[in-house]
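Here we start with a single chain on its own, the form predicted on its own, put down as structure tokens.
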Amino acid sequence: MLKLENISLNFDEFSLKKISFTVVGGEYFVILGKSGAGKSLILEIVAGLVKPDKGKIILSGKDITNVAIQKRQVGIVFQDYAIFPHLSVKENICYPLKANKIPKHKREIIVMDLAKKMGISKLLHRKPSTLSGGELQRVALARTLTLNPKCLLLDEPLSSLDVQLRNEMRDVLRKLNKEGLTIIHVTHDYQEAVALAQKVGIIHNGSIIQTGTLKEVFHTPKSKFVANLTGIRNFYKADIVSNKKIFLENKVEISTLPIIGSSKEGFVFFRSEDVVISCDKIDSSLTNSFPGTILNIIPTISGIEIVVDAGIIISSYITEQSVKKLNLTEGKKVWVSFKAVAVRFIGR
């Protein structure tokens, strides 16, 4: 088990603030956040490359906050791989073993075993300059695993790979984790977190603002930042008016299913896919229906996002065919509608 307790570190223009989370042995934990949020700095502190101003790092019940880097039993793979260009693949993998004076016959066994596991046995005599990004990543992983770390730290490990190589590396990382290796992986990519994480921590401006399982964090975001990071565009402050009525952003009243719990205020969100765009008001089961003006029409991977000012800003995802059929343009007057069942309320 790895535990961070109130880790803080202050710089002139940036600070890590009371970073606390626990990673159970054998867990795949992803720290998700935008560039500059402090993700990589957390890994460097855990690895011992940077010393925090305050807080503790506990690994397997032992305080390693002030333990030397080489004695922490923690391995880190950097975003740029940090492969020695003048050494062969085999020599790169073997380097930590030689530095730790592991006998030659044992080094040979370990290197060959890891090369086979990483699928790079045929590359052992090649130089790094002849390798692809995916191959370099596997070499870096193999080298880090030579000393059998209790915890593997990954700094944006897939960011520079193309789609095919990214999928291949995900399979490698899943396999390592299934074999019992504890992994902490930092990324800015929401889809990467979904594909790999068992638990996730969201970091924003140097603070961990929400942690939990994928379902806990992505299905019940506790802030607009977390909602937007996970692809939820329609997220609002909310006050309960009655059992089935909620007032959003002090501007718009909407209908919901009966609200369970004692909270009188909190947040409401609903998926953009559940919002229907029409030129005229629809007489149907779409309980919530508001007139508005199209602000933006934005192409996305999943379709076209239509952003409408309807007293509050509402996002809808529709098909390109629907945009053409409805003749939607920026500035056009439309109706946005969604069912009460689509609305999710999170009490404070």
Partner chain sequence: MQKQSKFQLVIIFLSGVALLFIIAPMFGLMFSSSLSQLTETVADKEVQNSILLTLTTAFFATLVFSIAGIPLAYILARKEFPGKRLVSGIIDLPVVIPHTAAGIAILGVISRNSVLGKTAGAIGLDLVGNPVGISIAMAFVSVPFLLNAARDGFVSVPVRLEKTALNLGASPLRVFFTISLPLASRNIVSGAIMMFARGMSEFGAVVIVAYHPMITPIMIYERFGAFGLKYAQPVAVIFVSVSLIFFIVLRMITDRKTD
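Quick caveat, the model's predicted, so the values are computed rather than measured. Numbering follows the first chain given and starts at 1.
Here the subject shifts to the form predicted together with the partner chain, a form of this protein not shown in this document.
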query	finding
Site test, Q70, V74 and A82 vs the partner chain in the predicted complex, non-hydrogen atom cutoff 4.5 Å	yes
In the predicted complex, the residue from A47, A310, I297, I64 that sits within 4.5 Å of the partner chain by heavy atoms	A47
Among the candidates T256, T144, T187, S272, the residue which, in the predicted complex, approaches the partner chain to within 4.5 Å (heavy atoms)	T144
Exercise: I109 in contact with the partner chain in the predicted complex, heavy atom 4.5 Å	no
Any non-hydrogen atom of N100 within 4.5 angstroms of the partner chain in the predicted complex	yes
4.5 Å heavy atom contact, P96 to the partner chain in the predicted complex	yes
Distance check, F247 to the partner chain in the predicted complex, heavy atom within 4.5 Å	no
Stretch in contact, per heavy atom within 4.5 angstroms of the partner chain in the predicted complex, of 85-93, 178-186, 209-217, 235-243	85-93
Partner contacts in the predicted complex for 178-194 (non-hydrogen atom within 4.5 angstroms of the partner chain)	none
